[in-house]
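Shown next as structure tokens: one chain only, the form predicted alone.
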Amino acid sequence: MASHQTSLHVEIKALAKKRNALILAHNYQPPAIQDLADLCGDSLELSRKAAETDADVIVFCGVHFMAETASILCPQKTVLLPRHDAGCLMADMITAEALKIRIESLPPMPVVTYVNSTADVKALSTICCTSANVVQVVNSLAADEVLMTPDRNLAMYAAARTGKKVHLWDGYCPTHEWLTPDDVHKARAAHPDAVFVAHPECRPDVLALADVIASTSGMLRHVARAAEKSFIVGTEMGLLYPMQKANPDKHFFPASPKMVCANMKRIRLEDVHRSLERMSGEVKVPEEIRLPALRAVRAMIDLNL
């Protein structure tokens, strides 16, 4: 098996060179995919870095909305998603049609949309946000009320830290929603000296127990500079791999074994090889959606947060 993976790895790298392709992997991807990638990180960070390169092709090892974001920021590049069925359950909890109805039902106010959303939802939004900058984005708006989509947990996190009235969309990430206070208490009992770091997509009653609340990239930065040696990690379990790889002298424990996103685990080396060989799985956002979506993404980027 190891020799097969090594052989595939070599073949994929050769194909990537031939195609002038950049391979991106989200922090939740399987270890073999992370080891293959030219860049690992969170979704927006990866798309922004890809836009700065001279690559002709971007192979995005993540889920569909991430490939869409790469297409929004890199319209001149070919964006490939190796598995068409790698979706996001939270992104699927909102549609452009439903958002239009909700906007019409409310007084005029900015729409703040999490980057974990489809391009057509971004296109109806005033500004996008990430889990790292959501509070700053909401505070940057002059309005006293905002509609936040699609993650209710991230919206409640922001509402508790701003002076704004935040209208929620009732969506959520199932992987983070599965984590309960009882799970956290059990993990703390098993690892009493560990620091509990949690993602803002977790439920409010879980975030209330956290020592540190941070995005995936924020978690990676925190554990690298922290004096503590043990951490309970409250996000998708794939993040433990880059944490351990970058900090071999520290110990990382999942807050719960339930925190596995099946969609993030779909892509295999064989899928990447096939996608590059056949140039299959292209994700291309139409211009009539890309341009308004780009405005929402750029509104966030221009804040220089």
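So that there is no doubt, residue numbering starts at 1 and follows the sequence shown. Since the model is a prediction, treat every value here as computed from it, not as a measurement.
Another form, the form predicted together with 1,3-dihydroxyacetonephosphate, is not on view; read the next lines as being about it.
- Taking a 4.5 Å heavy atom cutoff to 1,3-dihydroxyacetonephosphate in the predicted bound form, the contact residue among 116, 153, 71, 125 is 116.
- The stretch that touches 1,3-dihydroxyacetonephosphate in the predicted bound form, counting heavy atoms within 4.5 Å, is 25-33, out of 275-283, 248-256, 51-59, 25-33.
- Contact check for residue 243: no non-hydrogen atom falls within 4.5 Å of 1,3-dihydroxyacetonephosphate in the predicted bound form.
- In the predicted bound form, residue 264 approaches 1,3-dihydroxyacetonephosphate with a heavy atom inside 4.5 Å.
- None of the heavy atoms of residue 140 is located within 4.5 Å of 1,3-dihydroxyacetonephosphate in the predicted bound form.
- Proximity of residue 215 to 1,3-dihydroxyacetonephosphate in the predicted bound form: non-hydrogen atoms within 4.5 Å are present.
- Taking 1,3-dihydroxyacetonephosphate as positioned in the predicted bound form, the only residue of 66-99 that brings a heavy atom within 4.5 Å of it is 66.
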